[in-house]
Structure formats: C-alpha cells, structure tokens
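Next up: just one chain, as structure tokens, the form predicted on its own.
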C-alpha cells in the first residue's frame, strides 16, 4: 500500500491545472521519476477535469489508482496510489486536504501555484503511507484485533489453569482417601501390638 502523489487541482477551468502537489517517487528508478511524475500530473489533471462537483470516484490506470473528489468551489483533490491502498482512507485524506485548502485559500482568484503554498501535503504523504496510522477507524480496528488476540490467549490460559485445578483437586481427593486408608491400616496394626 503506497501513496505516490497528492494534488489539489483547479478544475473549473479548461484545461484543469494543478495548484499544489506532493510526490513520493522514491520507489522508482532515478531516470524514471520525471516521466512518471509527468504522467501522474497529467492523470490528476485529466480525471479532476472530468469529475463533476460533489462527486467522488476512483480511476484505475495500469498499476495506479487515482482517487478524486471534486468540490463545488471549483477545486478537486486527487490522490494517486497503488491498487492495494484502501479507498476509504484515500477519500478521508482528500476531504481533509480540501477542507484545509479552501479554508486557507478561500478566494479562487488566488489559486495559482505561485500564490498557494501548502507544505503539509508532503507530511500527509508520509503520515498516510501506513493507512492504519492516518485513519482513526483502521487504527481502532487494529487495536481491537490486538485486544481480541490478547483476550483469546488469556481465556486459553484460564482454561488451562482450570484444568490444572481440576487435576489438583482429583489428586487431593486420591491423596485424602489414601491417607484415610493408611490411618485405618496403621490403627489396626497398632491395635494388635500393644506394648505395656
């Protein structure tokens, strides 16, 4: 699961233009990075332009998935990931990014790459590489799974202790009956041998 790029795109103009972006192309070879980066920018601008305001969609292209969310303000967010990345996490990230972006830059006349600085995108790429860290629901699910495993181990150990306790009770009963027999036998033996 990997995020390759995040874009904020001005999509109510033709052609759509990327306003800000952040990329993590370190998994590609050095000489491939520029062409892959250009491809991802083209993909982001194209799918943002074709997405209607208020709509969310995921578009697959070879090994990549572009998750896009277009807002009524004329801005769209695009996250390009691999196929294994959970869409719910990608869309929650897009919602967060677009809320912050439109709050920080409410006037769409200023939406140019020169006037919009949004360095948090690079931090979001790092944070959301592990969807469990970035998404609270997945984090809670992971913690529940861990708790469930611990509970199963605890229950198993309690059952084992219960079996051991039953075994000890049985041994105690056997020992008690043997000691009673020993006492009776010893009493009989002592009764016939009286020393004056």
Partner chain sequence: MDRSSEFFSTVESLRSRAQPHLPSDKRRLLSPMEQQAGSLGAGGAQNKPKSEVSLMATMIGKDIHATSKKLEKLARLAKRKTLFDDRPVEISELMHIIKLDIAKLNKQIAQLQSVVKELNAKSPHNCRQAMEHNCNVVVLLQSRLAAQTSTFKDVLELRTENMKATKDRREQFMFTAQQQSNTFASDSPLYNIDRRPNSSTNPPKDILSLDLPTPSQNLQQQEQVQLVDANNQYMESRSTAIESIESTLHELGGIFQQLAQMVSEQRDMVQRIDANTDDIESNVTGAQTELLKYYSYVSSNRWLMVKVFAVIISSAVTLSVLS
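Note that this is a predicted model, so its numbers are computed, not measured. Residue numbers count along the first chain shown, from 1. We call the rigid core the largest set of C-alpha positions that still match within 1.5 Å between the two forms.
Quick note: we don't show the form predicted in complex with its partner chain, though the next part is all about it.
Exercise. Thinking of its partner chain in the model of the complex, which stretch from 54-62, 26-34, 123-131, 40-48 has heavy atoms inside 4.5 Å of it?
Worked result: The contacting stretch is 54-62.
Exercise. Heavy atom to heavy atom, is residue 187 within 4.5 Å of its partner chain in the model of the complex?
Worked result: Contact check for residue 187: yes, within 4.5 Å of its partner chain in the model of the complex.
For this session: Answer for residue 91 alone: is it within 4.5 Å of its partner chain in the model of the complex, judged on heavy atom distances?
Result: Result yes; residue 91 sits at the interface with its partner chain in the model of the complex.
For this session: Spell out, yes or no, whether the shortest heavy atom distance between residue 180 and its partner chain in the model of the complex is within 4.5 Å.
Result: So residue 180 counts as contacting its partner chain.
Exercise. From first to last in sequence, which residues of 152-183 have any non-hydrogen atom within 4.5 angstroms of its partner chain in the model of the complex?
Worked result: Contacts from 152-183: 152, 154, 155, 158, 159, 161, 162, 165, 166, 168, 169, 172, 173, 175, 176, 179, 180, 182, 183.
Exercise. Any chance the CA of residue 14 moves 2 angstroms or more between the shown form and the other one, core superposed?
Worked result: Result for residue 14: no, shift under 2 Å.
Exercise. Does residue 26 show a Cα shift reaching 2 Å between the shown form and the other one after rigid-core superposition?
Worked result: No, its C-alpha moves less than 2 Å.
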